[in-house]
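One chain comes next, on its own, written out as structure tokens in the form predicted alone.
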């Protein structure tokens, strides 16, 4: 029986693996351990409190709804932007790429404060709607779920556009033309040819945007204040306000589990697409 030897090149990944084990694995292990510590010892009291309380369950559902709406908005607008960018000329494509990448260099706090200015009662959005006669009085956009969804979607849009654009660039234009020569209408060619080929990029974008949205703290805090409850706010409240680290750790584990479930589901979907391609 021959003994398998580890490829020496694989040892090059050892420093990175050790680094992630220390800076990521160890804190997560400590968080998981803290979530089971109660005043009476070790138990599931914190999880029972979160999952058994209707208010806490409502916070989880509100977080999932928020993440789903943002992901849907990013998927729709991001796909259109990526498709237009992929079909544009080289010069226009470069401009569109800069326009979507450049905002990623700006702090999320700055971008979120920008949306608070845009959405306020006397902000540019309400002023423009009043100027064209679309509304008779300013709309309440700030501190609402609608404003939160659009603000978050605009900030996270690049994370949907770039994966979809990367896949679209790999599709030869001749495939679309071939579908047209076989009698497919433009919409039919897009649905039956282009869209299935771009699903891996869409799945990757959905996983990134959803996981980032479900764990967002700064954006909901600035755009909705304390009125809109999310899991990230509940975690901060448990640690910083009511000083219950066990409860905060349990909420953090639940949040991590949700994000990991989405990423794993996206990975499984991508692998399935790869097998059927």
Partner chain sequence: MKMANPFTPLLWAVTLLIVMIQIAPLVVVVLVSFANSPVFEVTFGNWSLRWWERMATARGFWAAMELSARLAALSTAVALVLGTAAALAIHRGRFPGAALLGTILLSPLMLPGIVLGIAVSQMFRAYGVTDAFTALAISHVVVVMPFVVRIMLSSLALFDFTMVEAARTLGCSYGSAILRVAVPNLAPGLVTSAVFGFIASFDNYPMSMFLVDARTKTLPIQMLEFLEESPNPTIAAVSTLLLVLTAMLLLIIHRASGLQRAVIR
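Positions refer to the first chain, counted from 1. Rigid core: the largest C-alpha set superposing within 1.5 Å between the two forms. Given the structure is predicted, the values throughout are model-derived calculations rather than measurements.
Keep in mind that the form predicted in complex with the partner chain is not shown, yet the notes after this line are about it.
Interface residue remark: residue 41 is not counted as part of the site for the partner chain in the predicted complex, having no heavy atom within 4.5 Å.
When the partner chain is considered in the predicted complex, residue 93 lines it closely, a heavy atom lying within 4.5 Å. By the criterion of a heavy atom within 4.5 Å, residue 217 is counted among the residues contacting the partner chain in the predicted complex. Remark: residue 211 counts among the residues lining the partner chain in the predicted complex, judged by a heavy atom distance of 4.5 Å or less. Of the residues 72, 84, 129, 193, just one reaches the partner chain in the predicted complex with a heavy atom at 4.5 Å or closer; this is 84.
The partner is not shown here, but in the predicted complex the stretch 250-273 reaches within 4.5 angstroms of the partner chain through a heavy atom at 252, 255, 256, 259, 260, 263, 264. In this overlay on the rigid core, residue 119 has a C-alpha that sits 2 Å or more away from its partner position between this form and the one not shown.
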